[in-house]
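Take a look at this single chain, the form predicted alone, given in structure tokens.
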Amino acid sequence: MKAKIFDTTLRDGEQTPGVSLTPDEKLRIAIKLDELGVDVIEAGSAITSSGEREGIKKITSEGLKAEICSFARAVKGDIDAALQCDVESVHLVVPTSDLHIEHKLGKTRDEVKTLAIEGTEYAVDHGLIVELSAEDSTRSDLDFLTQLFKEGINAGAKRICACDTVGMLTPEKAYDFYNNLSKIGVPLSAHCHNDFGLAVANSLAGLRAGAGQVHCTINGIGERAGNASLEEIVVSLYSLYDVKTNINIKMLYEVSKMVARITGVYLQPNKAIVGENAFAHESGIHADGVIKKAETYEPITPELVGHRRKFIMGKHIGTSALKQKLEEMDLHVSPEKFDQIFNRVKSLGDMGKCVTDVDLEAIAEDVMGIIADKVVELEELTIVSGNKVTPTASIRLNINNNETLEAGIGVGPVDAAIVAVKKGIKDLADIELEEYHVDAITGGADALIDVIIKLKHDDNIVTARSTQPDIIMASVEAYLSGVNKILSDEEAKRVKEGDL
């Protein structure tokens, strides 16, 4: 068995609240969907607007391999708009539940059947492939639904589609429902919505029951709770059912990221297949198992879908995963330094933070640059700051086992803290701050902060850094690290010259 993929990211997916794609954005996504290998691209609904038609025309003029389709109601105006865009097919939709027929359309069953037949004939007469689709089909009378489809086929429809418009199916019901419709004898599509979180399961059940094509969207975007997720369906078919599609599975993560970026609909981290945590491990037990053999805690490899495995550093991290990560970064540390790095990661985890690979590299470099014999150590730092308060810092330093207290003011809390430190060490050396650079390594207000500074003493310039969740502490520790480097170098120089 081989299942066909009808992608409706550019139509049903664009109906996600807050999403509105420009013609060029539609084209970019369509080109990528074609590279991915989808069989049919529903490029939009041509009747919607002039901008929508422009987008569909851009896609049809691109010469893509996929069949390009437009959504259309069983109305001549909709079909004419689709014809203007040079699409190959129309997804011709008519409501079939009494709820929709009576309350939305104000018509009778016979009138809806006539609309379906006349719309199909008109589209076919103008050279279009028709996929006749029943809206709210899963709440429709099955005999009426079957009769409408049969008469639509007699009018020229080549495919039929039954839409679970508000996600009312369960996998058991989906199997029976699509199995009944598959007996009509033409290609059948399953179109499922995710209102109860069952869209993928229902789509898979529909395919098992006899549907040969499935409607879906990248990342499962769509109205309300969304549509069936293309990547989840395709990988489930491949891995769990041994059913083939034309999809290049290795591109799934890439396409997912692109669609998320263009639409602005970003994924929850634990999204199956393409979420950032889909192949991420933090637990020491899990990470250790994956390191030894990936299958212990991964049902598929991340490489299959173009993703990558990550070991998240947090309070659950074990030594095995941390050692491997450091080795992958080509960071070779002593047991003592390893313990410091391990404790820093655990400490951040206890604060509710996760340490990414970039964070870990910064922490490791920070720890590896720590001087064992510090001349100056920070004992205490207090900051007072506010919109109506001059930023003030008081600092207590341990300098060669002697306590020094100082205070300073500045344009901000970091500046005030550095001023206080400079006053505290003024008798040790004349040190100037040449450069100050700060990066928020990860996103969010609680991001890990990486501070890099350059200090000048005489003609020498040293670089120091510190990585902390607190920008003030990171700045002070980086500054003191640089000071200690200078003082240590000075002492080594004096020893070499025989001054001591």
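So that there is no doubt, residue numbering starts at 1 and follows the sequence shown. The model shown is predicted, which means the values in this text are computed figures rather than measured ones.
Separately, the form predicted in complex with a small molecule exists; it is not shown, and the next lines address it.
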Margin query: Between the small molecule and 159, 178 and 213, in the predicted complex, does every residue show a non-hydrogen atom at 4.5 Å or closer?
Written below: no
Check: 122, 253, 71, 149: which sits within 4.5 Å of the small molecule in the predicted complex by any heavy atom?
Finding: 71
Notebook entry, point to check: So which of 194, 97, 263, 165 reaches within 4.5 angstroms of the small molecule in the predicted complex, heavy atom to heavy atom?
Noted result: 165
Item checked: Candidate stretches 132 to 140, 387 to 395, 82 to 90, 301 to 309 - the one whose heavy atoms come within 4.5 Å of the small molecule in the predicted complex -> 132 to 140
Next item on the list: Classify residue 12 as contacting or not contacting the small molecule in the predicted complex by the rule of any non-hydrogen atom within 4.5 angstroms, answering yes or no.
Entry: yes
